[in-house]
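Below you will find one chain, with nothing else, as structure tokens; this is the form predicted alone, and questions on how it binds or moves follow later.
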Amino acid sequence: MTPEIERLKQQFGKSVYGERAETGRLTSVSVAPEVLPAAAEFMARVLEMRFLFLAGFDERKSGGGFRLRYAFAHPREDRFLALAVQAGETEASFPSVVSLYPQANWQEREIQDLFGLKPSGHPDPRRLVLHEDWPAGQYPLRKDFPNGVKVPRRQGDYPFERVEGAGVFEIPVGPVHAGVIEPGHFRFSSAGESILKLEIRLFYTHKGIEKLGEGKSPREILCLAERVSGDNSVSHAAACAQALEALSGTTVPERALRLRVILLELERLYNHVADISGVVLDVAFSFGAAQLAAVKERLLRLNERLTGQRLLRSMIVPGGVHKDFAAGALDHLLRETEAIKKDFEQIVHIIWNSSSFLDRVEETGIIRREIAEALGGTGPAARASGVDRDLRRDHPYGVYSQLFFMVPVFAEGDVESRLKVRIQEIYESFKLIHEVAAGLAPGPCLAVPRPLAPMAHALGGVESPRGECFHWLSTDREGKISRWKIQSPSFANWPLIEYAVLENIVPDFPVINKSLNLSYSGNDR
């Protein structure tokens, strides 16, 4: 029994029961629904554990009804704890914790849409994932909802919140945008050019990946994981592989763990360079954007030289990596990253000495620390607002515990700070790649994975370029995947943009949006 569970039992008595050590670093305990809000508050205020996400489970076939699991992270130790709550089968409701954890807003609404469970006391019970043309009574993540069935649609309108007043008007943007961009609807309420309110409507690209994962093999699950968000393929594959390896008790060889670190940091490099380039382009600094685009292309070609894939897909498999780097590839990696780093330094120097560029990013799109923490912000967006958090350091995976690196944190919370976080992380990624590559010892790259344990749960997580990426996997009595919950960093960060744009002008929205680097596909899943 962990100290946290022992203190929960002391506080709530028989309302806390059924503790079990899950696979990996995860422990779970059940709490009665009537004490859930108090237990969640106890976790935060007394035990100082951080709420991560909420996952719903349909366990009616095994007699468990509907169950919710609230994942928490220990602030100082590499441990995770889940509170499990019975949501019932007939009443199909659960107490909302949004008043305590505002970040649970979207998560509870997602449970409502996909499982048909009502969060009692939720301040905004509107639909989130399912749009208004989706028929009532159809809940995609229930076990009795069939895969591959075309659902008939109906008419419906989303009830946007309106700002009333003299001189206030609405500017609808999207869901179809100019250029190559995924769909998302943005509705601005403005007085002149000043933004008074922004309401976003997403989930136009929902792929049903969590449903597709039911009953799939580990290799099939990893293939799907790489398609959650194309430019974060390695991060999602690594997080999913961690959960699969915990479920099977597979020990990954040291060389494979080190190669995974190289892949993860290469993914961070090309993402961060692309993000900076996007912001630079949106302030019309075409020269800087073109130079950064050339750096990104050089990184993508390096990826292809090393793995055969520009986006590094198909490298991570259960038990390690699909293949080792070819002869001479590590020497090429060290030479090329050193040359790319020098080019990047020169471009950053030029950009940061442009007063017109700095004028557009300084004090633009500010996200206060209290907002970032309350909404569960993660990654560079949170670290730019003073939230000192990074899974690589705080809950190390692979060989990150053996490596030394700096986690850049800034307090201003504006576009400039988000760019500075990424720039510093790029330099740290170069250092990590060189350290890991230089010390790479010969050895196997793949362990034969064992079968998945039946009736078990496991949690995998990595610090992706956008932030914390978690994959929760559960198995049935036959050891097959019965539930797959993906907590993407974009799902955590999209609500931040509604606060970042306040007191800014409409023309600054593209710059603010690019500085957060939010993925439609990764959010919608």
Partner chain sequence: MLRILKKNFQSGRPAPSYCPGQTEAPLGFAGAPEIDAAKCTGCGQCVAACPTDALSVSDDQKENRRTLVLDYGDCIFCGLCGPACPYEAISFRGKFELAAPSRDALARPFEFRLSETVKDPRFVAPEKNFPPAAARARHPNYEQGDFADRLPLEDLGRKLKDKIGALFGRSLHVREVDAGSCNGCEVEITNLSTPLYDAERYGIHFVASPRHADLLLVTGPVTRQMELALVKTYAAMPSPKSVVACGGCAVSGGIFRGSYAVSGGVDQAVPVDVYIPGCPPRPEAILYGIFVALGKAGAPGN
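Residue numbers count along the first chain shown, from 1. Bear in mind that the values here come from a model prediction, so they are computed numbers and not experimental data.
If you look for the form predicted in complex with its partner chain, you will not find it shown, but the lines that follow are about it.
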item	value
Interface residue in the predicted bound form among 162, 431, 143, 322, criterion: non-hydrogen atom within 4.5 angstroms of its partner chain	322
Residue (of 187, 395, 211, 389) lying close to its partner chain in the predicted bound form, criterion heavy atoms within 4.5 Å	211
In the predicted bound form, residue 291 touching its partner chain (heavy atom, 4.5 Å)	yes
Close approach of residue 257 to its partner chain in the predicted bound form, 4.5 Å, heavy atom	no
Residue 401, heavy atom within 4.5 angstroms of its partner chain in the predicted bound form	no
Exercise: residue 72 in contact with its partner chain in the predicted bound form, heavy atom 4.5 Å	no
Heavy atom contact within 4.5 Å of its partner chain in the predicted bound form, the stretch among 422-430, 346-354, 190-198, 242-250	346-354
Within 4.5 Å of its partner chain in the predicted bound form: residues from 287-318 (heavy atom criterion)	287, 290, 291, 293, 294, 296, 297, 300, 301, 304, 305, 308, 309, 310, 311, 313, 314
